[in-house]
Every structure is written in structure tokens, then in C-alpha cells.
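Presented as C-alpha cells, the chain that follows is alone, the form predicted alone.
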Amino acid sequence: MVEIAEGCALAGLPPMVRLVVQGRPAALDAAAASLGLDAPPPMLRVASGVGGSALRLGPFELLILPTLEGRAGLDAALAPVPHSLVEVSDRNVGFLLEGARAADILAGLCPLDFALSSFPVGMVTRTLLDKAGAMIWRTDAHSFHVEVWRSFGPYVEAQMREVAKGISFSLLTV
């Protein structure tokens, strides 16, 4: 983790398995069950089980971040139901943004309201960060998991650092 603003740090996440499951409710139910969940999470929410995390990005879509064991059971669970399962591990890169001003940094790149009351822990959404498509998941009160396409990674990282500089400067002038 590298501090990019006072009390706010940014780190690139290590490579991880990322799978997109698309299908009707039976497919989403099967995918969720393979992760140890009772049901898929509600829209724009995340649920985590022993087999990994399921991020509900659309009515017929889950982004799955499985554990090694969770990945092994997913294919078997989905076999009897029509579905689409695509591995997008190499397409994306992830960042962890933590600290008291993390929401302010994201708000500097995106018009969403990142107040804890509006974007609570466990919420996830697709949006634009400046000009790059992104997925943002609030993992804790002051912590966000940000995913972007690999080709946009350096750009988004630079933009977050630039906004952080502005926040740090504004703290000095108050």
C-alpha cells in the first residue's frame, strides 16, 4: 500500500480469478450455491461464502471471485442449467483504495454519491471513473475494491493519484 493522500492508501491487487456468470435465475442460484450461499445477492450487492464472493452487477449476471475450492465446484454446479461462464481474469486489474478520504477520491472521478448511507458496505456498481469503465465495491466503511480493464489500469491509477494530490493540497489550505 502506498499513501496517496493523508490517511489514504492505494495498492494494486494481486492476480485473481474472475468469472462472469450469466443466465436465468436457476443458473445464478446454482452459482451462488457453489460458493456456499443460500441465494444470489440482491442487485448491486455482494455476498461472500466459503467458496468466494458473488457480485450482482445485473439482473442475469454475477461476477464471481472464487477461492480455489469455489472455482472447482462452480463448473459442476452449473452443468445442468443453461448459462454462460466466461473467465475474465486477464481482462481486469484490481486496486484497493483505503482510508478516510477514499470516497472523496472516487467522487472526484465519478458523480456517484459515495457517502456510507448512500453506498453502504457490500454495495457494488459499474460506473465510469473519469473516462474508464470500472466496477466499484465498498468492502468496508473506508475501503473500496476497484476493477478496471487492464488497458485502463495505469490511467485510472494516475487519475486516483491526481485527485488525491488535490485533496491533500486542499487540506493544507484550510
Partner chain sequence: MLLIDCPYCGPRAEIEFAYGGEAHIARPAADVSEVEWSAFLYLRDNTKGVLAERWRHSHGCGRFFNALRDTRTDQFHAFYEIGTPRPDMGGAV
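Predicted, not measured: the structure shown is a model, and the values here were computed from it. Positions refer to the first chain, counted from 1.
Below, we turn to the form predicted in complex with the partner chain, even though it does not appear here.
Student: Even though the partner chain is not shown here, does Phe60 get within 4.5 Å of it in the model of the complex, heavy atoms only?
Tutor: It does: once the partner chain is placed as it appears in the model of the complex, Phe60 has a heavy atom within 4.5 Å of it.
Student: Could you confirm whether Gly133 comes within 4.5 Å of the partner chain in the model of the complex, counting heavy atoms only?
Tutor: Yes, Gly133 is a contact residue.
Student: Within 4.5 Å, heavy atoms only: does Ser143 come near the partner chain in the model of the complex?
Tutor: Although the partner chain is absent here, Ser143 would stay clear of it in the model of the complex, with no heavy atoms inside 4.5 Å.
Student: Classify Ala107 as contacting or not contacting the partner chain in the model of the complex by the rule of any non-hydrogen atom within 4.5 angstroms, answering yes or no.
Tutor: No, Ala107 stays farther than 4.5 Å from the partner chain in the model of the complex.
Student: Let me know the one among Val50, Met43, Ala26, Val121 whose heavy atoms come within 4.5 Å of the partner chain in the model of the complex, would you?
Tutor: Going through each option in turn, the one that passes is Met43.
Student: Please tell me which of Leu68, Leu128, Ala39, Leu116 lies within 4.5 Å of the partner chain in the model of the complex, judged by heavy atoms.
Tutor: For this set of options, the contacting one is Leu128.
Student: Suppose contact means any heavy atom within 4.5 Å; which members of 85-118 contact the partner chain in the model of the complex?
Tutor: The stretch 85-118, when checked against the partner chain in the model of the complex, contributes Pro111, Leu112 at the 4.5 Å heavy-atom cut-off.
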